[in-house]
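Single chain ahead, written as structure tokens, the form predicted alone.
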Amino acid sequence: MTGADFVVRRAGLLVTMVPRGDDPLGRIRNGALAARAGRVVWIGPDADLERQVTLDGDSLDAQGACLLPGLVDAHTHPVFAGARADEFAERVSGVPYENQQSEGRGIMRTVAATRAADDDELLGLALRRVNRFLSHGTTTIEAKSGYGLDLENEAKSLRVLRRLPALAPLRIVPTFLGGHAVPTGLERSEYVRAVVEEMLPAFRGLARYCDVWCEKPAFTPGETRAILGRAKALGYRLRVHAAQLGPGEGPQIAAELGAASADHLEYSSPEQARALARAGTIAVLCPTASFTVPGSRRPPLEAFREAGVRMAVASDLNPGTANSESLTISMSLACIAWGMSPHEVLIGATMNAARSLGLEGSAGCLQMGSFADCALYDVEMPEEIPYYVGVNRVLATVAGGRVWAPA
């Protein structure tokens, strides 16, 4: 007998996301799951649970609902103050995104508001966002800094990320995004030097990844290589914002340096897709951000598929272009407007996203030894999740083998 301190019973369909035969989603009809100390210790038909598992703890009756692994959001910016709804209104009226990134607007507007907020204020704002992630079935996020842009304020954002898991059971993978923009009043070379020589060494214990936005409004290929090369030497894993607003070298830099992910990629080329595939770099696609920037191009999905690039789908929660904690909205948009299949977005929001965070086999799946992170959905089959556009079908979220309730 297997001992457990938590079980989910009577799932009409239990979706493991571990392929079984011809089923890439690994479904178990009338399934059940048992966990101990936050990890899955048994999974199988509900009819076998009582004969094989002894429970000393809590039980969740799924009542025939569909059980999936907790979603994994591989690109978010959850620590910020202020709002930019007026810029959203301008863009949908035809103002280009690039025109909003000057004179203290755009990213620098959020930087000013974030710098003005203290740790506790930022923590309270981020906690509300964390609870919204969990309410939508997301149990793991990659979380970037990037709205401080100096040693003191980037450290403040990373401290907030470190404090959040004690307040809510969202798994947070922290990323240092000092390479987000050059702050007002600093020479580019001066700021790049500060990132390379001061911030990267200081944040090794606070951030697991380093990210740079390699794009004309942000950092040049040379600056990107300098920051990421130093980060890699210091032991960071790498991520790259790349080819979002126009063609550029970002995707091949990601491949060259063995980055875990290259994100956005609307303007990447077939050659860059092949380089990403050879490097094993995950393409993290951000549909919500794309659709709030008029004129954005559809990513080259056919080139990714042909090259064998693994694709993840992310919310890109941020105050400028994607102010939403709903990963399922991004999944729906990717299907409806880009032509991704329901299977692609389901795998993209679980297994592939987890792989990009170094959590393959632990997050984004349900199997022996994985995190006991899952969500119950009011659907009969997982393909319905992106089909219900903008409707939250989550009945309950389980994180670490416990039913989540808002903090």
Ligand code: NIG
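These numbers come from a predicted model, not from an experiment. Counting begins at 1, following the sequence as shown.
Not on display, but discussed next: the form predicted together with the named molecule.
Worksheet item: Would Y147 show up as a contact with the named molecule in the model of the complex if we use heavy atoms at 4.5 Å?
Response: Y147: yes, in contact with the named molecule in the model of the complex.
Fill in: Partner contact for W213 in the model of the complex: the named molecule, 4.5 angstroms, heavy atom
W213 belongs to the contact set for the named molecule.
Worksheet item: Hey, in the model of the complex, does P319 get a heavy atom within 4.5 angstroms of the named molecule?
Response: Yes, P319 is a contact residue.
Practice prompt. May I ask you to check whether R84 falls inside a 4.5 Å heavy atom distance of the named molecule in the model of the complex?
Written response: It does: once the named molecule is placed as it appears in the model of the complex, R84 has a heavy atom within 4.5 Å of it.
Worksheet item: Which listed residue (V79, I107, A260, V195) meets the criterion of a heavy atom within 4.5 Å of the named molecule in the model of the complex?
Response: That would be I107.
Discussion item. Exactly one residue in A312, L170, A289, V173 has a non-hydrogen atom within 4.5 Å of the named molecule in the model of the complex; which is it?
Written reply: Of the candidates A312, L170, A289, V173, A289 is the one lying within 4.5 Å of the named molecule in the model of the complex.
Item to complete: Mind telling me which stretch in 156-164, 240-248, 220-228, 268-276 gets its heavy atoms within 4.5 Å of the named molecule in the model of the complex?
Response: Every other range fails; the passing one is 240-248.
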